[in-house]
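As a starting point, one isolated chain is supplied in structure tokens, in the form predicted alone.
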């Protein structure tokens, strides 16, 4: 197995172009587990840890640009105010050691349906910045990035450079069900983001379909019927929202949970997160 270790982004793109089968590695929290258990044996590893610019974040034209190598710990500590949904999801990832090494970019690259960062990225209309040596930069909406189980929209010579997310304009919440309280892969997960200025709500569902996905019919329901000036959510509307979110899922039975349980859990989490977000919204409006 070759081990490629570029020190600049240009070197990384060149290495990936010359050896497209090389597997990028940042924190290694997914790739190294698969190698250790002999699930995969890549011909080459492309270590991106020495590419300093991947560990940077900044605001560009009012949008938060998070480098692919920014660890979960930095998302929690530095970006929690601007990206609360993503920060909440980051807190649920593994142990402190894993959060110190693991990255949102790595989560996207792995494209596991159970990845914790995917639902909040979908709910916030995130855009993934990717690049190749030959074709340059390409911007991929999160909703178009996931193609199948552990399959993403990257071309063989492309690398993830950054994730672009608008700072929250309203409350955002993330919920996750696991077989225990910590150090666990999601049985299923759900994210919601309120966009009060646009009077819309966006969702993200994880670990309940072949790919992370939004509950589009549930979003359309709230776009039509949610009264943003009401002091409380209509219980009937909330129930309909939960059912439509559950209907958007397409889970399977596996060792972590049954499809039936996942559908039920998505219904419950959708209603809970929307209620939390709505109460937060009312509190901010009254302040």
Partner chain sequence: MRVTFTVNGREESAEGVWEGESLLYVLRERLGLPGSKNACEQGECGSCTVYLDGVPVCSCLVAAGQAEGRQVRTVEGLAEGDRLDPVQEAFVECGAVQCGFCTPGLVVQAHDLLERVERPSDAEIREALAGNLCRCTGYEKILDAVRLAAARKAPGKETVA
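Since the model is a prediction, treat every value here as computed from it, not as a measurement. Positions refer to the first chain, counted from 1.
We do not show the form predicted in complex with the partner chain, though everything after this point is about it.
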query	finding
Interface membership of residue 224, the partner chain in the model of the complex, 4.5 Å heavy atom rule	no
Contact flag, residue 180 vs the partner chain in the model of the complex, heavy atom cut 4.5 Å	yes
Partner contact for residue 5 in the model of the complex: the partner chain, 4.5 angstroms, heavy atom	yes
Close approach of residue 98 to the partner chain in the model of the complex, 4.5 Å, heavy atom	yes
Residue stretch of 40 to 48, 59 to 67, 226 to 234, 257 to 265 approaching the partner chain in the model of the complex, non-hydrogen atom distance within 4.5 Å	40 to 48
Candidate site 153, 214 and 275: all three near the partner chain in the model of the complex by heavy atom within 4.5 Å	no
Partner-contacting position among 252, 52, 32, 247 - heavy atom within 4.5 Å of the partner chain in the model of the complex	32
Among the candidates 166, 91, 135, 195, the residue which, in the model of the complex, approaches the partner chain to within 4.5 Å (heavy atoms)	91
In the model of the complex, residues of 205 to 221 near the partner chain [heavy atom within 4.5 Å]	none
